[in-house]
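As structure tokens, one chain now follows by itself in the form predicted on its own.
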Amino acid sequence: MSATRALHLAAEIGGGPPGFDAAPYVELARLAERGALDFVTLRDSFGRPGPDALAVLARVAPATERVGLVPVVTTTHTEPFHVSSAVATLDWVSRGRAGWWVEVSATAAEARLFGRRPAAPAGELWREAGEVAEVAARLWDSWEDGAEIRDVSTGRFIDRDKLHYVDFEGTDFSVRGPAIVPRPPQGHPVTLVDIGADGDGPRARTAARHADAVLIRARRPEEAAAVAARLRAHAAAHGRAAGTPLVLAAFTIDLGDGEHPLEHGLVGAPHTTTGAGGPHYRGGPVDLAELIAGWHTAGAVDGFHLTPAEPRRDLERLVNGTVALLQHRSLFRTFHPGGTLREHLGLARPANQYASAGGTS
């Protein structure tokens, strides 16, 4: 990986006290936007209290202008057609800043909320998640760009030649289409998958085929580089371009302490412990900037996804301390150069698979 590739930064804005007031999320997203972060995420699951993450970010969208908005959307107990429509709608209301963090529901408690089927093994859940990602992309393409014509003089609303059936037959579901939402501004909203520390497991296999960006868990740059290499080998087997998908190292950050000298022999390594949530950085904003610069310069990852231990305190110190220092050293941009999340991440707008095939499905 070239060390000259752009550095990407993202942050989680959940984790605060449960509540149904959107104001704290708006405040944190605006703070991230002020730091020119690529995107913010909002975790979700069927077992957690609080409002739906995608609905919250739809509320955040008109209160922000540039930062990308990426909610967790689970695929296990939800209808693929509904998932596709909801993510497309977020892309429309945010004017092209939407992504979706694909997750599955693996617990028996979540399965009991629906009573439709028991909890399934990870391999089965991620195979299904891949099929949902596949059919979502087809539904987004089922309207060609320009299909909605709104010609008052002729009374024509839609160019029916630019609408396409999907006719997807998955292992456990089928979808016909076309979608009920026109093709999103980005063509395909950005797809994000957290593969953890395993570049070969079920999550990684789904990510290799469908993800635009992945989160990985590693304590050292050489570990991150090894996971990324295995992931991209799987992606290449699916015919994807070199350097695809983007790889972001995920850390929980606790910036409540001051700076600490790095341990001997651990230059560039984080002050971390590793728990169930992955690497946990504890230290000051300056040392975090050094860590980010060191990993990126070494070519280990394309960027970082940072989860503040204390949302308001740590995100403010991240933006006003770490990010400001990276910008001062010309290692991170000072503004969003484009308008869409794909433009932030340097990703091309996908061609429409039906239009490129001559308009047939």
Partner chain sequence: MHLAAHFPGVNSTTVWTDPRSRSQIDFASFEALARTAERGRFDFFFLAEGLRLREQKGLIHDLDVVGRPESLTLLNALAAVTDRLGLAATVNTTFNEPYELARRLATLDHLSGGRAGWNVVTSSDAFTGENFRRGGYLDRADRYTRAAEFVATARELWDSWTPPEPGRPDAPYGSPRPFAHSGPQFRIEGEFTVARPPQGHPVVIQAGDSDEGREFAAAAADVIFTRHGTLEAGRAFYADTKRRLATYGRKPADLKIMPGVTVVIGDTDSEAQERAAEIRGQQVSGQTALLAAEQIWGRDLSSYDPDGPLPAFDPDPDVRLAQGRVRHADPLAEAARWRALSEAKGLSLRGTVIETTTRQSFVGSPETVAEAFDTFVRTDAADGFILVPHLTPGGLDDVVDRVVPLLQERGVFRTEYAGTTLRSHLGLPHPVPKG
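Residue numbers count along the first chain shown, from 1. Predicted model, so just to flag it, every value in this text is computed and none were measured.
The same protein has a further form, the form predicted in complex with its partner chain, not shown here; the description that follows concerns it.
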Handout entry: Position in contact with its partner chain when the complex is considered in the model of the complex, options A300, V319, L306, A58, heavy atoms within 4.5 Å
Key = A58
Completion exercise
Residue within 4.5 Å of its partner chain in the model of the complex by heavy atom, from E65, E27, E310, D52, is D52
Completion exercise
Given 93-101, 194-202, 235-243, 216-224, the stretch touching its partner chain in the model of the complex at heavy atoms within 4.5 Å is 93-101
Exercise for the section: Classify P285 as contacting or not contacting its partner chain in the model of the complex by the rule of any non-hydrogen atom within 4.5 angstroms, answering yes or no. Expected result: no
Exercise for the section: Please run the contact check for E128 against its partner chain in the model of the complex: heavy atoms, 4.5 angstroms, yes or no? Expected result: yes
Handout entry: Any non-hydrogen atom of L347 within 4.5 angstroms of its partner chain in the model of the complex
Key = no
Handout entry: 4.5 angstroms heavy atom contact with its partner chain in the model of the complex for S45
Key = yes
Practice task
Taking its partner chain as it sits in the model of the complex, which residues of 110-125 have a non-hydrogen atom within 4.5 Å of it? Please list them.
Solution key: R112, L113, F114, G115, R116, R117
